[in-house]
Ligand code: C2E
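This document starts with one chain, in the form predicted alone, laid out as structure tokens.
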Amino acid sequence: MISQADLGMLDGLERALINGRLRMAYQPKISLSDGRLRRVEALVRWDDPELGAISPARFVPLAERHGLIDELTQWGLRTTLRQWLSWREQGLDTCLAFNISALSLDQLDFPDLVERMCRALEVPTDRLVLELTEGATQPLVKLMDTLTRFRIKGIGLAIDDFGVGYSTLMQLRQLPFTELKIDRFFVDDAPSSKDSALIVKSIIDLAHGLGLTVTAEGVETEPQLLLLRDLGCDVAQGFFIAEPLSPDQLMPWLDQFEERWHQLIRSEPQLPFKVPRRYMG
């Protein structure tokens, strides 16, 4: 039984999709080897005139439960791919990350739909990475064929929020992921906790051993970024690097961050402990 509040929000979401009241924000992900922009993660935003800003954590599950997730996903993908074209015209050729629901993978033709959308807008499929939460990986094992078809088409797959769900090493080995994202829970206190730092390093080594790229999310301080760089993490995202940006903010941010990066790498993380050499590669 849907509550009156959820019913009102669901109606508002339907109207927002019809009337173009949703928007996308884009959070940069940088390479920790050279500070260059590696990818932007597309994040859907909904600012309702009556309810105000509504978190995706609130309306996305509602869309999943009540049959709006396919429409929301297709709108988000189409908007993001069109934005890629606009950036390319400005001289920026980057990669995109887009979150999808495991429910979308129940459709056998979903990989074909995504490929058609890319082709229609002339976006190379290798510029796109689809992100799925770790909690979804249990049923995803049953969808191996669908996931494999994404990989055949050149579309990357990332497992999000790794470390707080129920994935097993066997699932990581079986599923055709290209990227693993370390949950912010482990990143948060890594500079001050030897245990957390060792866990992060172990995850990085595990992922690299499986041929996966590693992204750390939730990077909010300089010591976190510098430690992750020292531990061999490939990519980082978080408020310390950039908050989610509007499309026209990305290019100015690029110009500013280049100089900021050169200043950052001259710094040294101030850790209250020393990570044993055997864990530092």
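Bear in mind the structure is a predicted one, so any value in this text is a computation, not a measurement. Position 1 is the first residue in the sequence shown; the rest follow in order.
The discussion below concerns the form predicted in complex with the named molecule, not included here.
- Residue in contact with the named molecule in the predicted bound form (any heavy atom within 4.5 Å), chosen from Leu231, Val235, Val60, Leu37: Val60.
- Between the named molecule and the residues Leu212, Val44, Leu250, Leu68, the one pair within 4.5 Å by heavy atoms in the predicted bound form involves Val44.
- Shown alone, this chain has one stretch from 85-93, 100-108, 147-155, 192-200 that lies within 4.5 Å of the named molecule in the predicted bound form by heavy atoms: 100-108.
- By the criterion of a heavy atom within 4.5 Å, Pro223 is excluded from the residues contacting the named molecule in the predicted bound form.
- In the predicted bound form, the named molecule sits beyond 4.5 Å of every heavy atom of Leu10.
- The named molecule is not drawn, but in the predicted bound form it has no heavy atom within 4.5 Å of Arg127.
- Although the partner is absent here, Leu32 lies well away from the named molecule in the predicted bound form, with no heavy atom inside 4.5 Å.
- Of all the residues from 186-221, those having a non-hydrogen atom no more than 4.5 Å from the named molecule in the predicted bound form are Glu217, Gly218, Val219, Glu220.
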